[in-house]
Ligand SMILES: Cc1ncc(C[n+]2csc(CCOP(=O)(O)OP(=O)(O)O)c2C)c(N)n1
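The chain below stands alone and is given as structure tokens, in the form predicted alone.
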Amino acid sequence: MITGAEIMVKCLESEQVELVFGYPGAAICPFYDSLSQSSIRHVLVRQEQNAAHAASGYARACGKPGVCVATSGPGATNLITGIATAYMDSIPLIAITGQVNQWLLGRDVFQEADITGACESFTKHSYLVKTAADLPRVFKEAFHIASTGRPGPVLIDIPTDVQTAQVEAFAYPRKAEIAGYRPRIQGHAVQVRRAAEAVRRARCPLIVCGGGVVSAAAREELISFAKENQIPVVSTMMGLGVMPMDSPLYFGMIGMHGHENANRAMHAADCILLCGARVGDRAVGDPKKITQTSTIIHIDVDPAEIGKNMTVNIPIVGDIRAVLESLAKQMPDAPDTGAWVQRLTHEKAESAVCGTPEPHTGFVEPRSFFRSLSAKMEENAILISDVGQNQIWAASSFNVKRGRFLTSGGLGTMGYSLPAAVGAKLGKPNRQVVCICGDGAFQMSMCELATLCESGAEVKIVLMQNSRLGMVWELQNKQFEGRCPATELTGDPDYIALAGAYGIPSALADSNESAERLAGQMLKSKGPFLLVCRVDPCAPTL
């Protein structure tokens, strides 16, 4: 005989899960008892939301589903923001929650919450397990759904009595059989031929690289296609790092906080190849201006995304890697893009000169600091930024070479970076991992410094301290006649002393010279490190 809790652990082992992030409670204790007797490592976070963020960072770094665990009621509801963050960015996640006994459901008993109902709009799928015998099928389906098609979070809610129930034996399915779930891999051949012809005819073609390229592991295919056909590339924030930023064909990030030359390229192109990008409002402010002058080809594995935000001339539903391979075969002749590439290169050079910021005496100038930081970091380093000004400074100025840039792009969740960095570092212990955050975001998850220490994750933290909610303050100052309520961060802790309380080495920089020197020391140090950079409170986002 075997219990439901033991089956849960065996299911995770069958999926080759090595690491889970969580926080226990009464309704999930049977699972935790079985987990303690397995080889799967559990990382105890200090707040459940951060378990989801850590699992998300792990998933994005490793390319496979991350797993987070919480108890019923407040434990489960605390996961919600992390689940929604993963959903908006298409991150494969398995969220396991404990639930009260089945005969108590609907009675508003202690720590009962309808978590499957609460998460319905931002999970790819969810399960309320009614019998222990269903657990192997449910877990197999959950991992399959989370990691195929458009990736996303799947929730498995398991009542306590299901965890303690016994069944005769355990058998894990060889594959998932889900009626009606058949993600399309190959793009429609006719549409691929139409796209190839449109690109060949174009004189000013442009590739827009989105996060879907990362999800599909199609980096090499996109780089190869761009090089073979000499097509310029721009990216959304979620697509940063796919195309090497030092490539002569890469022209920056688009959007309201993007590079001016990248946005100009979008409006001047006569054929745009959207690859795994939803082109939301922050990426393209007025899609109609672009669709009036350009042929739009949209490749996405999720048919619901195609045409949702921008009118599309040639839709292609399929896995981006497979579609790009098919498209490359249909392109025996490359388009004539010499003049187009030369024009964009000239505009990029002019933009770089105009965008050089003035130094701020007594403070660290963020954009020039991020350029120098990227020069010091390893080729395959992982940079994880939080939300707010620090995110835009990093996205616009950090040179992602052969590594990764991770952030909360869709939901814009403050407090994301530190727990996500823990997950990424534990998933890729041999990669350099640096966490970037503002002082507002840091205080939303600084409890995870304890997790950092307990887990042994050697994460380097760069804290941009301007003692205010910088981006909100900037918005208020511009739109509300200078009235900026509730944005001054008075009562902040001494971050150096705080790091010392956890036994974490730290340093304070108040100029770019000291920041660059201390960043070098930080990157060479063993274990975690906190570098606090004082930033002018009035430093602009752009």
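Numbers follow the displayed sequence, beginning with 1. Given the structure is predicted, the values throughout are model-derived calculations rather than measurements.
Although not depicted, the form predicted together with the named molecule is the subject of the following passage.
Any idea which of 434-442, 136-144, 264-272, 373-381 reaches within 4.5 Å of the named molecule in the predicted complex, heavy atoms considered?
Flagged stretch: 434-442.
| Tell me, which of 204, 196, 457, 471 has a heavy atom within 4.5 angstroms of the named molecule in the predicted complex? | In short, 471.
Out of 389, 407, 215, 163, which one falls within 4.5 Å of the named molecule in the predicted complex, going by heavy atoms?
Of the candidates 389, 407, 215, 163, 389 is the one lying within 4.5 Å of the named molecule in the predicted complex.
Find out whether any non-hydrogen atom of residue 466 is located within 4.5 angstroms of the named molecule in the predicted complex, and reply yes or no.
Residue-level check for residue 466: yes, a contact with the named molecule.
Distance check, residue 414 to the named molecule in the predicted complex, heavy atom within 4.5 Å
Residue 414 belongs to the contact set for the named molecule.
Problem - Members of 193-220 lying within 4.5 angstroms of the named molecule, judged by heavy atom, in the predicted complex - result: None of them.
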